[in-house]
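Next comes just one chain, in structure tokens: the form predicted alone.
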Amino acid sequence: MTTTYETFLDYANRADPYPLFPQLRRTPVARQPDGSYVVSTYREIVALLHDPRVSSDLRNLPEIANIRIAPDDAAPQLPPEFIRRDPPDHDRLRAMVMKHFGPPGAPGRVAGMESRMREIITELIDGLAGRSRIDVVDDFAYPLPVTVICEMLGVPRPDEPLFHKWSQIAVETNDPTTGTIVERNRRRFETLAKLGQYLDGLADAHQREPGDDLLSALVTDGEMARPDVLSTAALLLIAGHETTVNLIANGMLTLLRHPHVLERLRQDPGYAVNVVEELLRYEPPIHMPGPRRTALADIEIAGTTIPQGSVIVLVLASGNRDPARFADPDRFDPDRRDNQHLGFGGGIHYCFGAPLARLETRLALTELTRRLVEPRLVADPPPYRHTPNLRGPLHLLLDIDGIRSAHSASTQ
């Protein structure tokens, strides 16, 4: 018999998984046929996000710890990224990166990119002039965050086709429908090794001639071992754009389905703060965090015992629609109060790049709504990406009646 979680994973439900969540939440902690435990209610998800007995390091699973990529591969296997480690390693590595990425060490790193983000956004939208049909994903939502993270990290933008291939494979290995946990992690290790080899060459170049980018900062301060620098750079390069692509595309789709909100945002750019926070709850880019959690001890929760060694799956998107936490949760309401959503996870693994994703999406949706003339969905629902973890449109085709100039849009 197919479980509700297995039905949720089925691509046939990717366009609208939300009707399945009430049924999923009837059993807040549900054991699956493969022995994993799926957690779907807000209270229990938050509790486990903050529980030190829950590990993000899959090396606690013997079948993962024993994976070794072929010794004749030219690219050495990288250590796990810091989001796939537990304290104290996680805390040590995250602090080293944060020193160069955000406050207090580098408070201006993200905010200082705003003017450049605006330039990129203007260039991308200007490039749509003369067209009557656009793809929000290919024409805008993908190139924007890719360009931003490349410039921030110090990766040449022309190399995008190269790392795009590795990024897609790495993302797909988080999809539980694409193989066993061992098969998927073997592919991930092999892919990240190749990406790491590419980044190692860049790190050498940045060490010889440092710039003001993040990779230069990591390799020149000498605190972090080179393998950890490469794992961290790979994480930032992939996560630094994949989440934001979905957030922008989901956001534009949601605004077109709620034209009164779109119009209010067009008239009031400041409303973008509310809009983005509600999008993170209502149509989050991440439905389940990529690193699977593991129970380090027996955990009693919601009347169920999760045995030591069990894999734990947190369905954040279901928690975001839990009526026990949010009033009228299936309504898109940017004026919602007390919106403590799970769009960026929680606990010690709260999304490292959240400030960057928020800023990019606020600026992106504000300019799209102000400059696109009469945008209309070509297909609703649009086609979706395959993975259930990082959920967003594969393409988002719009018919438009033109592009307002940046100047005229700003003076309306």
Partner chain sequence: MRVVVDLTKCQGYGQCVFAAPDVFRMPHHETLMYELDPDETKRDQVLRAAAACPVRALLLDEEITERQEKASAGNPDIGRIVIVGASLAGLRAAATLRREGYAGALTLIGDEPGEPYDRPPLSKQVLSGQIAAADTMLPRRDELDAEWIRGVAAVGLDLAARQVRLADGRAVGYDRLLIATGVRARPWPDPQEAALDGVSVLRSRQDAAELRRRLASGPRVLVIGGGFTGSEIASVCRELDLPVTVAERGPAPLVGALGGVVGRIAADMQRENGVDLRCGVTVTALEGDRDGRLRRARLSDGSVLDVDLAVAALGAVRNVEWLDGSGLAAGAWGVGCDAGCRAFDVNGIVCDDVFVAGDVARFPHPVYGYQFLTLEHWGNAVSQAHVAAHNMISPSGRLRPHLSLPVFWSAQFGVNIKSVGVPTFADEVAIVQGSVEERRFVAVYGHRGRITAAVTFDEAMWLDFYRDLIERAAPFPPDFAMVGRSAPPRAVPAEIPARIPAIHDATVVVTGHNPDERRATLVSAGAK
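Because the structure is predicted, anything quoted here is derived from the model rather than measured. Numbering follows the first chain given and starts at 1.
The same protein also has a form predicted together with the partner chain, omitted here; what follows describes it.
**Student:** Residue-level question: is Val110 within 4.5 Å of the partner chain in the model of the complex, judged on heavy atoms?
**Tutor:** Judged by the heavy-atom cut-off of 4.5 Å, Val110 is in contact with the partner chain in the model of the complex.
**Student:** Would Gly347 show up as a contact with the partner chain in the model of the complex if we use heavy atoms at 4.5 Å?
**Tutor:** Contact with the partner chain, yes.
**Student:** Answer yes if any heavy atom of Tyr271 is within 4.5 Å of a heavy atom of the partner chain in the model of the complex; otherwise answer no.
**Tutor:** No, Tyr271 is distant from the partner.
**Student:** Is Gly179 close enough to touch the partner chain in the model of the complex, meaning at least one heavy atom pair within 4.5 Å?
**Tutor:** The answer is no: Gly179 has no heavy atom within 4.5 Å of the partner chain.
**Student:** For the spot marked by Gly130, Glu242 and Glu263, is every residue within 4.5 Å of the partner chain in the model of the complex through some heavy atom?
**Tutor:** The answer is no; none of Gly130, Glu242 and Glu263 reaches the partner chain.
**Student:** Pick from Gln77, Thr220, Gln340, Thr122: which residue has any heavy atom within 4.5 angstroms of the partner chain in the model of the complex?
**Tutor:** The residue from Gln77, Thr220, Gln340, Thr122 that makes the contact is Gln340.
**Student:** Using a 4.5 Å cut on heavy atoms, which of Glu172, Glu283, Asp322, Glu277 is close to the partner chain in the model of the complex?
**Tutor:** Contact check passes for Glu277.
**Student:** If contact means a heavy atom within 4.5 Å, which one of 159-167, 231-239, 98-106, 247-255 is the stretch that engages the partner chain in the model of the complex?
**Tutor:** Correct option: 98-106.
**Student:** Would you mind checking 86-102 for residues with a heavy atom within 4.5 Å of the partner chain in the model of the complex?
**Tutor:** Residues within 4.5 Å: Asp86, Pro87, Pro88, Asp91, Met98, Phe101, Gly102.
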